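The form predicted alone is given below as one chain in structure tokens.
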């Protein structure tokens, strides 16, 4: 009888998917009774996590674990090599939050373009006037560079096009013909795209190749007065370099949903700047996004344990081949 542990609270629909599956037992926060996760993992076949760290020390207690599913798409808190060494698959929910994050990126873009936060603050102070000149602008006719053409980047590109923007796309792992076929301009040399774009939005995973990719040279290559958006991972950005670019005015504004250190436990210089909008890593966390991530997480684990594997949702696919060869 498969036994599944849910480490963190998830949407009730995801729990119902687990509870309604015959022959499956479930250990979840409501039944944990204060027991540490390491203890709860003994005898578990599947594990669902949101913000829980999955490392070698934890896995040492998982004597029967076959699959871990991350509720979302990022897996920074998961030690993938440790899972792979034990033949445990890591799965994500790749389609569940793409629309939510894409909409959040557009929200940040439009809020910065129209200066929604300072204007709203001004109204609360009693300011109500239309000036002869305005620092706000239409996004229609502007050029946006989308870095990363995955599930989220493709949706952001379509949304930007719907607003009448010129859409440039840089992704060295996607053929230029595929990008052009989708109706967008492929940019091979990233810095050429940075120099042309009024708005730059980043949609790539955080890994050894991409950490701190938004650094001093990246920011210097951006068009003076451009806007930067990051709804991917805070570790993609060298925060001191971004603060310097925003303070000098070379980068006009930034909208970020993520920081290098999360949760924010002490003041961060980036958050104190007036030309920055910061949201607390909530881009995916709409009511619908949370529901989809929970249901997809449950389905991933149940299907995997039933021998029906969605390879597109598996990060360390090498464990699948190893399992077949046993």
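Here the structure is a predicted model, which means the values were calculated and not measured. Residue numbers count along the first chain shown, from 1.
The same protein also has a form predicted in complex with nicotinamide-adenine-dinucleotide, omitted here; what follows describes it.
- Contact annotation for residue 128: none of its heavy atoms lies within 4.5 Å of nicotinamide-adenine-dinucleotide in the predicted bound form.
- nicotinamide-adenine-dinucleotide in the predicted bound form comes within 4.5 Å of a heavy atom belonging to residue 172.
- nicotinamide-adenine-dinucleotide in the predicted bound form is approached by residue 258, whose closest heavy atom lies within 4.5 angstroms of it.
- In the predicted bound form, nicotinamide-adenine-dinucleotide sits within 4.5 Å of a heavy atom of residue 210.
- Note that among 113 to 121, 191 to 199, 145 to 153, 247 to 255, the stretch whose heavy atoms approach nicotinamide-adenine-dinucleotide to within 4.5 Å in the predicted bound form is 145 to 153.
- Proximity to nicotinamide-adenine-dinucleotide in the predicted bound form, defined as a heavy atom within 4.5 Å, singles out one entry of 284, 69, 294, 62, which is 284.
- For the candidate set 237, 101, 108, 179, a heavy atom within 4.5 Å of nicotinamide-adenine-dinucleotide in the predicted bound form is found for exactly one residue, namely 101.
- Contacts to nicotinamide-adenine-dinucleotide in the predicted bound form (heavy atom within 4.5 Å) from stretch 231 to 262: 231, 232, 233, 257, 258.
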